[in-house]
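This document starts with one chain, in the form predicted alone, laid out as structure tokens.
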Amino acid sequence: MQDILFDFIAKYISLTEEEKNVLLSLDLFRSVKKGTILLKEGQKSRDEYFVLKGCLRKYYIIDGEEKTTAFFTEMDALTPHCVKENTPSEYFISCVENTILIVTNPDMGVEVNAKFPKFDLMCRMLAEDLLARQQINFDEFKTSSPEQRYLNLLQNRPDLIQRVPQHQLSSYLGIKPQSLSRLRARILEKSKG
């Protein structure tokens, strides 16, 4: 797992052996079972997540119904709002699959960034990439039909179609599971024609 992490970091900055050893000494790696809830609505947390392997789901429960707003898969980072604001969470985060995470907290980040300023640069680059991606995803979601959203998902994140239960996928797309079934059938029919 550490090689996956170091390969990812190498896309942004180069690490010395000393820096790699410091990261490894922090005991960041966590294996979490499918179905585990990492964060509950109303809970305070200081945990920030980076997915090495697996899939996390962020969702709200509104009027007794789960509303999925995001999936985080390999090489995705997630810092819950409640960590930055030191307030109770407004949503849930759970594992869709058995997942291997790097779990950090803000204090750890400050400590590492103080010792190795280039980590701060990498974190800023990652944050900018994430913000740009989220803005594009939000804009696409707000301006597209359910069929277009599904086709975008097929094109941009096809792995989710196989990895995520249909009811969670339909919630993410903003439609009912029955509508997703009809949509899939309609797209399949078009592709045959």
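These numbers come from a predicted model, not from an experiment. We number the residues from 1 along the sequence you see.
Below, we turn to the form predicted together with the DNA, even though it does not appear here.
The candidate stretches are 43-51, 141-149, 22-30, 124-132, and the one lying within 4.5 Å of the DNA in the predicted bound form by heavy atoms is 141-149. The DNA in the predicted bound form comes within 4.5 Å of a heavy atom belonging to residue 165. Put simply, residue 185 is close to the DNA in the predicted bound form: some heavy atom of it is within 4.5 Å.
Though the partner is left out of this view, residue 11 does not reach within 4.5 Å of the DNA in the predicted bound form, counting heavy atoms only. In the predicted bound form, residue 181 approaches the DNA with a heavy atom inside 4.5 Å.
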